[in-house]
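Take a look at this single chain, the form predicted alone, given in structure tokens.
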């Protein structure tokens, strides 16, 4: 029996002075709420916070700022925030909701953002949602996800009238449609006869959010972002939830079976799985011939690290390092179950710790976010960005894309200029 890696401590504040890859709760709240269509985002802070949060996943969203200055921080900023909300409504009357982010300066001065938003809701007749996400509200962006989820459930979900015509509606929680992943998931669920009522927040507008409480089941794709939503909706509306994983053939098949069982559609699931695995088999077999036994390191968000460790393992690769910026103990337990003996798990790795891993372990492939790309290339290590861009990795079709992209990353012509160690990858 293989010994599993020791689980790292997680959820602790970053050590002052460390060059950590974490971000603040405000960043986490923006990450979750940016995709809500028809919403306006008003940042109550010095203008730098709005600049920092102006784009999410490389895309700019409609963002306004109260641009607090020294005078308002000393003498109070509530009047300015109230004026800014009125001006936002005047300039953008079509906005279905306004998210008001309270960042560090407003939190330190004790600005009554909740009270101002309550008055604005009564005056404007639309949701004006306070999002208290000051930096000291948590230890990482993961706490911002929870803050944003609580705001959605409190102010937007459940506003639609009763609906009894949705016996096969589900929500997908913690899914942001990176590279078109949501389309693959919707297609699979649709073949089971299920409809995605609202995806938080990859496919969410004010109307979908208002009726999300009518869904019969919540599918939690990312525990870190979807978990708080699922717990809140279970408590408020009694909606059961099911953790799912659509990365990898085995995980996708298991998730489909478990979902289908909730609606009595097991036979339909088996037919879908049989057809899809038969179609994918030739490509995956070819990929395995190239990648089996190669060593890979992972470092990105949170819950996905366990899912992706399983996906690489399914292709025969050895996961020798898995880390996350703000993972939970269960994320690391899931990753550790698919790692090789001696593999390392690390929460909130610093810059030098990632460099140390690349220098000492010399993986055949490193997978991470945009920030890790240049570090890996600096040390001559092939790199894959995740969450990916441009094409889906979720579902059966997505796993084929994923497998092909691994081969492309490993066999890129540039690696022939690094002598010696890549011969086992480029050999044939």
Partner chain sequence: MRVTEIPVEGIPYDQLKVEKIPAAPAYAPRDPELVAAADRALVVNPDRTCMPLGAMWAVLGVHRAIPFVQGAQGCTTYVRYTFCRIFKEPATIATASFHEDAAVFGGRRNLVEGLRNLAVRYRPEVIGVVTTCSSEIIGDDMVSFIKAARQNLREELGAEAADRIAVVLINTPSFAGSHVEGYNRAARAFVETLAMARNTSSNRVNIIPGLLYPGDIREIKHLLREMGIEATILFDISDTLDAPLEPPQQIPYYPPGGTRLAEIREMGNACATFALQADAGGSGARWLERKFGIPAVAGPVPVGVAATDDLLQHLSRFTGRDVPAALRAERGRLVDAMADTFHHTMMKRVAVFGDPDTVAGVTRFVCELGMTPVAVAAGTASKRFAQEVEAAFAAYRELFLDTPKVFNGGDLFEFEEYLKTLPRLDLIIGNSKGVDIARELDVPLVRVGFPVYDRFGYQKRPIVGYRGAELLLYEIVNAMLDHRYPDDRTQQL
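Predicted model, so just to flag it, every value in this text is computed and none were measured. Numbering follows the first chain given and starts at 1.
Another form, the form predicted together with its partner chain, is not on view; read the next lines as being about it.
Open item on the list: Is residue 274 near its partner chain? Define near as a heavy atom within 4.5 Å, in the model of the complex.
Closed with: Residue 274 lies outside the contact set for its partner chain.
Find out whether any non-hydrogen atom of residue 341 is located within 4.5 angstroms of its partner chain in the model of the complex, and reply yes or no. No, residue 341 stays farther than 4.5 Å from its partner chain in the model of the complex.
Consider residue 136 of the chain shown here, and say whether it contacts its partner chain in the model of the complex, taking contact as heavy atoms within 4.5 Å. Result yes; residue 136 sits at the interface with its partner chain in the model of the complex.
Note to self: At 4.5 Å between heavy atoms, is residue 93 in contact with its partner chain in the model of the complex?
What the structure shows: Contact with its partner chain, yes.
Tell me which stretch of 196-204, 177-185, 346-354, 149-157 has a heavy atom within 4.5 angstroms of its partner chain in the model of the complex. Result for this chain: 346-354.
Just give me the single entry in 384, 400, 36, 68 that has a non-hydrogen atom within 4.5 angstroms of its partner chain in the model of the complex.
-> Selected residue: 68.
Considering non-hydrogen atoms and a 4.5 Å limit, which listed residue (266, 78, 87, 231) is close to its partner chain in the model of the complex? Answer to the contact question: 87.
Problem set entry | Contacts with its partner chain in the model of the complex, stretch 221-257 (heavy atom within 4.5 Å) | Residues within 4.5 Å: none in this stretch.
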